[in-house]
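Single chain ahead, by itself, as structure tokens, in the form predicted alone.
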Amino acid sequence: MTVETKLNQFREISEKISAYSLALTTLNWDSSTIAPKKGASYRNKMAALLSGELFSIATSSEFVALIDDLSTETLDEVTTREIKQIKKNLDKNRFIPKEVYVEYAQLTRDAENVWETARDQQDYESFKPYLKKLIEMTKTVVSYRKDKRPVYEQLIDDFETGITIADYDVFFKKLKEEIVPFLHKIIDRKIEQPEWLCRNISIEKQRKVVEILMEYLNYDKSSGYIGESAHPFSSHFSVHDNRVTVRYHKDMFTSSIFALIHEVGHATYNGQVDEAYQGRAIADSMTYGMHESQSRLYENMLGRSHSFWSSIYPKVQAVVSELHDVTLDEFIQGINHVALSLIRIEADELTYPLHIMVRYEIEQALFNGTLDVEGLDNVWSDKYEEYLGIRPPHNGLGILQDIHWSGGAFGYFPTYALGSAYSAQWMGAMRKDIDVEKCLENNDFKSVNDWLKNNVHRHGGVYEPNELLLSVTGETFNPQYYVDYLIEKYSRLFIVSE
């Protein structure tokens, strides 16, 4: 069989995989947004069957043989990297019995439904057996791999290729040593949260603000859509179909603002991948830290800056009369307010890494056997009290606040902190090429998107993070950019002497 014939067969099977993936993505989106709750059980059963069929195709002897053969052939750079990534993923899943895979897929869907109800009812006990089963099944699934590293080490690598527990330990140690003391300088100033942040703003007005932001961010309605869900997320269907969700809170209206900006960062990344990669694994194989680097860059480094709001704040005030007495400078101070808070997705930039450390330490302990799900809600609360000086009043604001564990996404959380650090390095490089502040002030977000497209987005998942960082910034990952950015920004905002 010629190389060309093998490649044609590979593309044909890959297209089938893409079709099943698109169907499952559509089901997931629908289930999380508009689908009736009573239909969840049947939908989950059908989705699990589709997952099983996808698994069969993606791990079929024909496809596995093609990947094994093509991995030894001389191909173009992009295809070579694509085959290498697929082979790595195949080696994670190819030895898992189909019935185990289907059972796990069903469990995650059921667990997400239970989690949503448990969170609303502040009831950890109802979710606990599902969490226990998820951990057990995750260990079982990983046990079928040929990789003999500790389970959590492998899970870490699943979400961020090449990084290790030791790497994360070093990274978090740096944050503890340089950011935590700086954070306490600000907390010790006892700066009160502006009362306008909790003003009651109608959902109707918030939706209008979201419309203003969509236009400013160049989020095209012809290739994007905004829905509502219990937990904001972004879904990638194709290069020209990237959807986001938000959640509205009447007494916390900035939540929907920054959820939108964050998720649009994800959606723009997927939407600016080279169209030639459409339908290929390489189009959406970016590491989670890389993806978070874009969402966190949009949300914080751009979205919380003075220049970002200078041209659109008057439009927001025209919609939200409750902000008429809040100046632009007061607004910027408010959206960057530092507080010891309970909710990760609402946290300011300085406290955010501490929220991640709680989850990271708990995950490590769950998988090395030093912690169990029994009483885990109390462990969570204890760690929040230790690191953030605040204790959750109930589990809905504590251990049940995130959706990730219900979906089996163990090892994912640390990428949020890593992505924030990556974003500071991208921002430093972008500022060397374009006047970012001027672009934002002139309502020219397109120039920002164009720079990111040309330097980062268009490559999709072709390159590993350190390869792309080195190519664009001249350095591999350097967390000092992140530390320096945080200290400079918050010193300027709150006049803290270092």
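Please read these numbers as outputs of a predicted model, since none were measured by experiment. One-based numbering along the sequence shown.
Same protein, other form: the form predicted in complex with a further copy of the same chain, not shown, and the subject of what follows.
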property: Interface stretch in the model of the complex with a further copy of the same chain - options 123-131, 222-230, 356-364, 149-157, non-hydrogen atom within 4.5 Å; result: 222-230
property: 4.5 angstroms heavy atom contact with a further copy of the same chain in the model of the complex for residue 485; result: no
property: Touches a further copy of the same chain in the model of the complex: residue 241 (any heavy atom, 4.5 Å); result: yes
property: Heavy atom of residue 193 within 4.5 Å of a further copy of the same chain in the model of the complex; result: no
property: Contact flag, residue 437 vs a further copy of the same chain in the model of the complex, heavy atom cut 4.5 Å; result: no
property: Full three-residue contact with a further copy of the same chain in the model of the complex, heavy atom 4.5 Å, for 306, 445 and 451; result: no
property: Sequence-ordered list of residues in 327-356 near a further copy of the same chain in the model of the complex, where near means a heavy atom within 4.5 Å; result: none
